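Presented below, as C-alpha cells, is a lone chain in the form predicted on its own.
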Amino acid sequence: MDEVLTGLLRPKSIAIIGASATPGKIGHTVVKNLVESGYQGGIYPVNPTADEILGLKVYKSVLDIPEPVDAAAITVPAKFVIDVTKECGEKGVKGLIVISSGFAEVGDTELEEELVRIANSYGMRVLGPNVVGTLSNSDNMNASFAPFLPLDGSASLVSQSGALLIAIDAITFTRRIGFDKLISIGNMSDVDFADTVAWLNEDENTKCITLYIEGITDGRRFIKESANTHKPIVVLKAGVSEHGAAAAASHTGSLAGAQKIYSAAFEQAGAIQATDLSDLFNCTLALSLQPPMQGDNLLVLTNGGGVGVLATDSAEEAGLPMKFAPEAVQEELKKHMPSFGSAKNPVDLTGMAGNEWYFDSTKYAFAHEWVDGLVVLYCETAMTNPMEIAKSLHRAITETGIKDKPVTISFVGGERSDEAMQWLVENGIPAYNDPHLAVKAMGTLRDYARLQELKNEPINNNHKVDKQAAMDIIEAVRANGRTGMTEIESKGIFKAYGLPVVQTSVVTSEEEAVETAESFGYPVVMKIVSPDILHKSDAGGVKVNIEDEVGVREAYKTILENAKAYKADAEIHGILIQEMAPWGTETIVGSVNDHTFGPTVMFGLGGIFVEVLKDVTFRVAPISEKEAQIMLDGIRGAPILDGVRGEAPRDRKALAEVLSRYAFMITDLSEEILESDANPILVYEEGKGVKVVDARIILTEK
C-alpha cells in the first residue's frame, strides 16, 4: 500500500493550516469536525494570530509543531498556499488536503502546477485543490467541511464534485446506504482517480469503490489500475457530450463521442456504469454486500403473481432472461405452497405464504446447484409480519453457509416493510422497495462477473508487421507537408500491418490505366487520388464495375473533370485502379486518438449509411480477440453478421482478427495516426475471409 497516500487518506496526525477561531469559517469547521468525529490522531491547528481553538493549542507555523505530521489540511487563500506548501515540505508532511480554491477551476493553472511541482519535490502528494476534504468512518475522521461522517458502510466514494459529496453525505442516512470513506478529489492536480482506486483496492475497510467522475486526466492509467482491482467499481459519469464531430475529417472522428469512448473504457476497466445518482446507490448497495453472480440461472421467489410478472420483465431487461426451473427443483418447491401455486419460475408461493414457507423454499432454492442467483419478493399482507419474514429469509440464507452466490430482496408495502428492509441491509442483504430494482441489482452482479472474465483475456501483441515500411510512408507524407494521406498511402500502412487490402495501384495516364486494369482483370474500380479530397464519392471521384477498355478511358476523363469541378486547386496524384472485390456485407473499422484514452478502435456496419445510423461500438486499443467478438455483438445490426433472410453467416472470425490487428496498428503508431478508417471492409461467408476496400488515415500534427 502506498505509504504516502496512506498518510494523506488515513493520517495519524493532521495540521489544519488556516485554522480559525471564528465559527462559520472553513478553517474553524474542519477543526470542529475532526474533534466531533472522535478522531484519535493528533490535531494541530495552525494560525499565526490565534492561541487556542476549541481547547486545542494553536501553532504559528507547521514548522512549530513538535510531533510528526502526516497530512495538512490547507484552508488559507490561494496566494498563500505556495509558501505553506514549502513549509509542509520542510516539516516532512506526507500529503496536502488543499481545500483552498482559486486555482485551475478559475483559470489559474500556473499556480496549480507550481503547487504540485513544489509538493512533489518534497515527496508530498496533493489532494485537490478545491476539495471538501476526506472522511473516514473506520478512522473516526472528518477532515472536511462536510457536516458529519456518512452512515457507516463497506463502500467508499471518490467524488470530483464537492457539493455532490456533501449531498451524498446526507443522503446516506435517508437511503440507508453506508460508506466507510468519502474522498473529495477536486481539481485532480496530482492525486487522481487511478491513485485512489489503487489505494482503495488495498484498504481493508472498503469492499466496493464508488466513483463520481466528470473527467479523467490519464485514461489509460485509470483503465489499468481499475482492471487490476479485486473489488467492484461503480462509476457515474457526468458531463458527457459529443465532441469534435464538426471538425473531424474521418468517418470515425465524426462518430466518436465522449460518451461512447468513456462507456467502452469503463467496461474495459471492469467497472459498472450507473445511469444516474439513484442507480449509483442501488449498484453500490448490491456490490458492497453480495458476491458476483457467476452463472445465468436466476430464480425468483414471490408471494404475488403480479410482482412475479414484473420481475420476469425486469430480468429480460437486465440481461437475465428467466428459465423454468428443473423438474426436480419444482417438485421440491411445490411442498412449500398450496396446490394452486406455481413452482416454474417465478415461483409463486401465493399470498398464503408465511415465515415457514418462505424459510423452507428460500433455503432449498439458494442451496440448489442450478440456482446462480436468487431474488426474493414479498408483498405485505395482513397475515404476515414483514420483520419476521425478513428474519426468516436471513436465517435461511445464513444456514446454507453459502458465501459465493448472491441474493437480493424486495418488500412491497408500508412502514413495516421499510423497517424490515432496513434490517436486512444492516445484516448484509441488499433490499429494495421495488421488485424491478432487486432484479436489476442481480443483473448488476451478473454484469460484474462477466466483466471480471474479460479482464483476463490475453491481447496478442506479436503480430508480424513491417513497421519500417509504414514509417517510410508516413515520413514521405510528412516531408510533403501533409497530414492527410491518400488512399494508396493509407493502404500501404494497412498492408504493412497485415490487413487484407484489395489489389490496388495508382496511374497517371489513360494508357497506364488500361494496362493496369487489364493486368488486374475486369471488372475494376477507379477513384481519384488527392490529399485534398477525402470523401471521394461526394466529389464524383469514384466509378465502379468498369468492365472494359472503353469504360476505363471514359472513367479516367470523368473522374478528373469531376475532381477539378469539386475543388479546382486540389492536388491530384493520379487515378487509383483496384480490383473490384465481389459483394460482401459492408462493415467499417476505424480509430480516433482520443485526448483522454489515446488510440481507440471503432466497429460498425459500413458503407454510406454508417454516419446516418451511427450504429457503432468503441474500445480503447489494443484489444483481445474476445473483445473484438464482443464489439461485433455490440451493434444493433449484429444479426446481419449471423445471416438473415436465408443468407449464410459471415466470417466473424476473420473480421475479429482484422479488428484486433487494426487495434494493434493504431496502438503501435499512436504517435503518428490521429484518425483512420477502413470503409468498407467486405465480409464474406464463414471461412471465406474479408477484404479492405477503402482506407483513410489522418496523421497527427508535429
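All residue numbers are counted from 1 along the displayed sequence. Computed from a predicted structure; not experimentally measured.
There is also a form predicted in complex with a small molecule; it is not shown, and the following applies to it.
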Of the listed stretches (401-409, 222-230, 521-529, 468-476), which one has a non-hydrogen atom within 4.5 Å of the small molecule in the model of the complex? 521-529
Is D169 close enough to touch the small molecule in the model of the complex, meaning at least one heavy atom pair within 4.5 Å? no
Report whether the minimum heavy atom distance between K91 and the small molecule in the model of the complex is within 4.5 Å. no
May I ask you to check whether V76 falls inside a 4.5 Å heavy atom distance of the small molecule in the model of the complex? no
With the partner left out of view, is V693 within 4.5 angstroms of the small molecule in the model of the complex by any non-hydrogen atom? yes
Taking 4.5 Å between heavy atoms as the contact cutoff, choose which of E332, E579, D218, D447 touches the small molecule in the model of the complex. E579
Looking at K260, H436, H573, K536 here, can you tell me which has any non-hydrogen atom within 4.5 angstroms of the small molecule in the model of the complex? K536
